[in-house]
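First comes one chain, alone, set out as structure tokens in the form predicted alone.
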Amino acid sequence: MRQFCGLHENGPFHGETASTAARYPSRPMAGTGSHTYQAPKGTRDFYPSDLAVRRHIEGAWRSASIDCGFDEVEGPTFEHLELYTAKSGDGIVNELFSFRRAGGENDYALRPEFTPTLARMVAARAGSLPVPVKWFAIPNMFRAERPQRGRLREFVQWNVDVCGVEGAAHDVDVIACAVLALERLGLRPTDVEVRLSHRVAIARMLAALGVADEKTGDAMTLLDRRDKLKPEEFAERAAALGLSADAVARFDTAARATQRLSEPVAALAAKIGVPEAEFAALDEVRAAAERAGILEWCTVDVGIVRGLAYYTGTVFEVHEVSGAERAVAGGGRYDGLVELFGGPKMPACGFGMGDVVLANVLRDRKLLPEDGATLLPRPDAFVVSAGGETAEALLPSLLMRLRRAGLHARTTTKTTKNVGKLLGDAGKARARFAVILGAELADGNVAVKDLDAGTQAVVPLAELESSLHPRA
């Protein structure tokens, strides 16, 4: 277990002075020139333009969630370590940033996912929560993994879950929420697809192929690893399941079987050589997706099985269609988790979507601006002084007056009275209007320049707020 003795492993404590820093020579103070500090590997610094891109993505997530009837929640950044081992086993500890407070006895971990927190919260108040429980969250997550494209040690993840109801319609409800956000970010079914399957249907298919009940878990693990194994190794492991040569061939076909969800499941069953009835659960998902209007986004992929000790029904992943990226999102039905954390038996379904892979896909498709600064809020007014004591004295109070009126107002720090240069600053700030405090003040007026239209008008100072357009 990774143990950090204290919560400030790197760098000075807030409020640390030169005298206290001197006691820790391995931690030179920033600004002394003795050391250059960098962000920890696998994390990101978000400068204004970078954060504007992230907020753009989060905005699509949040608006889709709310419009689909989900309420936002949040939980602690770290939890008791056992919350994660109870769900995923002790093996997950190596993937976590875990620690024990100096002198303490409890083990904690920075959250690697949100679902255990959500299940714990639901379990704590299950008797008083309205059903269905429809929640979403956009928290930071932490994974102690090797950073690589599409995978960082700290990332933002959108989680959408519904608890207390079961059935394909509710599975599709959360999938449709994901689709809505993707649409709002400019993606289409030609860019990404929802690859889905159903654990019950897959179990029945495996039984029809001759897989013994006690080998079902091994068979699903093999399905999950189909793209990581060479064909001969895959066939060898399939034979180890006790299958005949013919069944091994059909198992291999099943592992790679895909078709549009809009196609009849009978075609899938025929391709694999099992009775159509084994895929009845997928047929229910197809009907629900058709009613929800998202059928064109969905593909059946028999190789999608996800967490074996976790998911109980529909499982799905969102992928970029070329396969060049990791999964954009993943989730499914997990009917036993709330009960595991002390709550009543309660069905649940949800997904998580990280910002890292999604941003890669959006950039590849030119759906994010090259300069994230263009996503920053535009000032409604950029107030400048053309010179004179009256203008200089009025400027600070006028800025506050505009801000109190709900307007985004800025000014310049330049001392020049060259109005042309000041208007240039207003343009660089992408302001909608420039308010010029000049000779017109003698008559109680100001000049207002519409920087988009290039026009200028004289406006009574008392009517300034109403003359500025509201934010778009």
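One-based numbering along the sequence shown. Nothing here was measured: the structure is a model prediction, and the numbers come from that model.
Note that the form predicted together with a small molecule isn't included here; everything after this is about it.
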(message) Using a 4.5 Å heavy atom cut-off, which of 77 to 85, 347 to 355, 215 to 223, 278 to 286 contacts the small molecule in the model of the complex?
(response) 347 to 355
(message) Just to confirm, with a 4.5 Å cut-off on non-hydrogen atoms, which of Glu183, Glu145, Glu392, Asp90 contacts the small molecule in the model of the complex?
(response) Glu145
(request) Check each of Asp171, Asp380, Asp161, Asp301 and return the one that places a heavy atom within 4.5 angstroms of the small molecule in the model of the complex. (result) Asp161
(request) Using a 4.5 Å heavy atom cut-off, state whether Tyr310 contacts the small molecule in the model of the complex. (result) yes
(message) Using a 4.5 angstroms cut-off on non-hydrogen atoms, would Gly330 count as touching the small molecule in the model of the complex?
(response) yes
(message) Residue-level question: is Glu113 within 4.5 Å of the small molecule in the model of the complex, judged on heavy atoms?
(response) yes
(message) If we define contact as a non-hydrogen atom of the residue within 4.5 angstroms of the partner, is Arg151 a contact of the small molecule in the model of the complex?
(response) yes
